[in-house]
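The chain below stands alone and is given as structure tokens, in the form predicted alone.
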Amino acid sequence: MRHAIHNPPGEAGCSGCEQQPRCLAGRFDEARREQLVSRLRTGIRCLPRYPLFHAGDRFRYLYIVQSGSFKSWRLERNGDQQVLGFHLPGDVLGIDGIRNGTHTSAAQALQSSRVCALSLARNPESLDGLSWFNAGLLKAMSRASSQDQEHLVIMGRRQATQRLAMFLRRLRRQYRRLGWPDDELTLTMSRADLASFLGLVLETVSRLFSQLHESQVLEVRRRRVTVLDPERLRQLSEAEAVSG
């Protein structure tokens, strides 16, 4: 993996990692993790914009976000990027490559980040007897599917304000899961990436942030967003459901 600094398989391991309770490999006890150690590279450092994989690449690894953040995306026929998701510590990337052995999307770091890479492409038959691992992988796939469904729900809303409010509330839930303060958000993605994810144009997203700042729902300082009125944010996210 070029443009990343990584440890040999098994070096460092999972001990001491603060994401262990939320991580795919970290959910297993020490004895079971030992069975994965030859396949696991931990603490891989990724520079901003570092690509983990591209659409069309051969599937080699599952990537578990240890720190930082990533985006996943695909290219549309007109050459535009369609952002599919934003990923925080504990999330698993690369699941799209399992079915056919080829990635259908791309993923790259949004900031200086770390991942752990679990190789499933080498001798995959050796995992056949590890039913406990397959169960953990199924949970990770289920979570990824739930995130995809949430994205579809957001995209299905007609009001632009509601889409942004739903995204910010979802991000707050992710922060709570990580044990982070959920009233101070850092938007590591660009406004253009966020607009793509929400199915809006860049100017609309910028205008919405300005409006929410002026109405004191949020305090927006570039990439730092403070939620001043969480109840009003909830009302905005549910406005269409209430009126409908």
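Quick caveat: nothing in here was measured; it's all calculated off a predicted structure. Residue positions are given as counts along the sequence shown, with the first one as 1.
Absent from the display: the form predicted together with the DNA. The rest refers to it.
Not displayed here, the DNA is approached by R158 to within 4.5 Å at the level of heavy atoms in the predicted bound form. Residue contact check for E184: none of its heavy atoms lie within 4.5 Å of the DNA in the predicted bound form. Although the partner is absent here, G199 sits close enough that one of its heavy atoms falls within 4.5 Å of the DNA in the predicted bound form. Mapping the unseen interface onto this chain, R223 counts among the residues with a heavy atom inside 4.5 Å of the DNA in the predicted bound form.
Across the options 39 to 47, 52 to 60, 200 to 208, 174 to 182, residues that bring heavy atoms within 4.5 Å of the DNA in the predicted bound form belong to 200 to 208. With contact defined as any non-hydrogen atom lying within 4.5 angstroms of the DNA in the predicted bound form, the stretch 75 to 90 contains no contacting residue.
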